[in-house]
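So this first bit is one chain, no partners, the form predicted alone, shown in structure tokens.
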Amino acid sequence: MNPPLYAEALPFPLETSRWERIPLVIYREPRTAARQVAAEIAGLIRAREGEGRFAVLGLATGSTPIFIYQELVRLHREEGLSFANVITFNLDEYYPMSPEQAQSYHHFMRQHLFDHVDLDPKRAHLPDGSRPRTEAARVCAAYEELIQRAGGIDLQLLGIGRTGHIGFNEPGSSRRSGTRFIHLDRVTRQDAMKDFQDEQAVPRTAITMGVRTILAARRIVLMAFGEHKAAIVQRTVEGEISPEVPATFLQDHENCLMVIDEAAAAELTRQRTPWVVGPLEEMGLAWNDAMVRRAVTWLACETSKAVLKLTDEDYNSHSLQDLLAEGGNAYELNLRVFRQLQNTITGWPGGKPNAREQPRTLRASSAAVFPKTIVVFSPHPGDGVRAIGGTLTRLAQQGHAVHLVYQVSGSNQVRDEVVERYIDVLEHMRMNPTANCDPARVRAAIRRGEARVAARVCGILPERLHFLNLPFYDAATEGHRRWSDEDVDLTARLLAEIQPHQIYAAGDLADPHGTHRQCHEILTAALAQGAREPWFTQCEAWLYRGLWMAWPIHEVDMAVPLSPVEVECKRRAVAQHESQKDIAGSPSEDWAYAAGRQFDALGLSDYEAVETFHRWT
């Protein structure tokens, strides 16, 4: 049962302990979750203050707890929450790392919490990453002793890495481990690249609290936000305890709560296949069109059958008896879902000129307009062509006025050696002496040049390219960025100038670096500003994916099949972004090919590739 403090969490009355081995609460979005966790922390601080005792907090870094720290700062400034009776211990620190460096967790905590509240600096403890390597064992032992001397940790705040690490306890960590020196996993280092720009600059080692140290806390709150955490959340909550996923050790803690958003909960049994848990009506759900399509496509994948080949026995043996009873029989259900999937497929994403019948994917108010003014938003240069280069080419060839908007410069994703190569070329050609080549400007110029050529390959006219260079991206480090009204106003002015009939935007909120999520939020706010304008009433918006994950087939509202020629064109456009070829963490799988295979497996046409979209409402 949810604690009263977490009353704003999404309800789920059914018993789920059969699958879930850690109590958890789910929120629609991270800020609400963060407010609730901050409220628990504030309650602990005030309770200890009333008892004349210190509240001992274990703190985490990274993007996950930032909203919590913002709320704690607000409670301090507006509601008088004092940190005078607080002692803090942070989980970890990079090694080697000076406390003054921008990437250090000392700097992170000062920036987001310590410098904004009345916490005594002498009571704020972090591992020291600046000491000689020969002193590492002594530094770790001293940190453990400090925690014991403070009486142990009352509440430990945790995030979770994609490898399942808590703190920097990487896969293979022992549950008996204490504070120690550790070598970082490659995935962890790739995810940290957002703060260092280049993977080679990310430290290979760190000092971290051990699993035993974390489990000794009297209360643990583990948080995870975003689609990129969904898989590891499911393994942590529903999987067996294993050193390969250190977070699973939390299953044995008697006072641990997991707090997540809907995106991070996507792979949990209760979210992915709720009919397996129990009757939908007991969960406040219903067998509407969306749920039926979800269940039937899942069943087809589970049985490796085409949709039209599913039988009554398939439904009955996969916990879908209730659906079968409501739908009448397998034949009717299969046909219903097959037609829904079929109606998502169109070769005319912008509408067909002079046609009696327009694609079913388009609303009537929009379908009649031809040609359309279309805006495609690409968070980084390269994202748009990589995800929907075929659709871009199709829209341009079919006569629409396609505008391609690059939201950020992407300069931080150009490696130092690439910049040096370009500077050497400029110097050799005597176009610009090395001394006058600012590497930051060269990085941005490289991405712009690549984007222009790639757009030309797709048939986009140069005058329809827009480089917004949103200011939030130029903050010191990407992990600490936050968009502002200036970013929204720039986007809103461009929309008002172009007045599009269609918008395509990135829905890849699984982006581990956070840029896509912020670009999405900025565009959402800009569209809210334009909601009263005449152009907005007939504007349709579509979300694409294809960088870190694909739309589940049941969420696809429009599917654009690509011919081999269009696939080759897309491949040539992507190849123009040469500086991104070897960037760590760059997507390696082309989701359009995977979507084509899935449509084929479900019994629809056998396409070379398919780019998929979800209607943005």
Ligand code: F6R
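Since the model is a prediction, treat every value here as computed from it, not as a measurement. We number the residues from 1 along the sequence you see.
The form predicted together with this ligand is left out here; the points below concern that form.
Counting only non-hydrogen atoms, choose the one of 60-68, 23-31, 548-556, 43-51 that falls within 4.5 Å of this ligand in the predicted complex.
Stretch 60-68 is the one.
Since only the chain is shown here, I'm wondering whether R394 would be in contact with this ligand in the predicted complex (any heavy atom pair within 4.5 Å).
Heavy-atom contact with this ligand at 4.5 Å: absent for R394.
I'd like to know whether L404 contacts this ligand in the predicted complex, with contact meaning heavy atoms within 4.5 angstroms.
No, L404 stays farther than 4.5 Å from this ligand in the predicted complex.
Residue-level contact is defined here as any heavy atom of the residue lying within 4.5 Å of this ligand in the predicted complex; does G167 satisfy this criterion?
Close contact exists here: in the predicted complex, G167 approaches this ligand to within 4.5 Å, heavy atoms only.
Can K194 be called a contact residue for this ligand in the predicted complex at 4.5 Å between heavy atoms?
Result yes; K194 sits at the interface with this ligand in the predicted complex.
This ligand: the contacting residue among L91, C458, L320, L523 in the predicted complex [heavy atom, 4.5 Å]:
Filtering the options by heavy-atom distance leaves L91.
Just to confirm, with a 4.5 Å cut-off on non-hydrogen atoms, which of G129, G226, G159, G327 contacts this ligand in the predicted complex?
Among G129, G226, G159, G327, a heavy atom within 4.5 Å of this ligand in the predicted complex occurs only for G159.
Taking only heavy atoms into account, state which residues of 94-109 are within 4.5 Å of this ligand in the predicted complex, ordered by sequence.
Contacting residue: only Y105.
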